[in-house]
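Take a look at this single chain, the form predicted alone, given in structure tokens.
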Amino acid sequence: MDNVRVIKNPVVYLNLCVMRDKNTDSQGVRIAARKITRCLLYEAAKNLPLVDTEITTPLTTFTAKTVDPDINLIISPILRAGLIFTDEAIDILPQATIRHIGMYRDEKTLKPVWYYNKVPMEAPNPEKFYIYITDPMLATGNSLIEAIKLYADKGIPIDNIKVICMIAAPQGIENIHKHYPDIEIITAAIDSHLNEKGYIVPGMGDAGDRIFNT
């Protein structure tokens, strides 16, 4: 699929199996999810702009590449399951700001219902903003569309906004690209389909319940 990057890595495959297995307990699911998250974030970070900086080692001084310190890097997890990305994101990208987005899915309409929005209202110099919206499961895509809209409406270039998920359904990918055809989705797996309740098959069940043991 265009604008979808599936991370084909043995570490990812191994931990997807652990995470999906119905016999894996919540601690095991969390550990596996964090390992997958780290791989996904490394891939997403390839779009960050670099600048030259002077570094002095114990042996010499030289010019090295580093992430541009003048950008605004935002990780936006969709609560609650998206929280699994937060600790890994801060470790890998300590300059990032975490901006939580709170939505739950109405089980009858499958539409997102807002309950929390921690996204800043202003985005001066929007071209300097880089956004990673995280949610373990891309099912219908409705919540992610709302999250993308929050940032796109501030003038942030679509090329600077990435959707990061562990498991995606074809219907969700198609739905997002119907509204935002140029946005890149980074995922560890594209599964078969959604069932009549809007759950990904084969999937892993309810990601929030399995991660947080609820």
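From 1 onward, residues are counted along the sequence shown. Predicted, not measured: the structure shown is a model, and the values here were computed from it.
The same protein also exists as the form predicted in complex with a small molecule; that form is not shown, yet it is the one meant from here on.
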Only one of 135-143, 122-130, 84-92, 68-76 has heavy atoms within 4.5 Å of the small molecule in the predicted complex; I'd like to know which. 135-143
Tyr13: touches the small molecule in the predicted complex, heavy atom cutoff 4.5 angstroms: no
Please check if Asp21 has a heavy atom lying within 4.5 Å of any heavy atom of the small molecule in the predicted complex. no
Though only this chain appears here, would Asp206 touch the small molecule in the predicted complex if you measure heavy atom gaps against 4.5 Å? yes
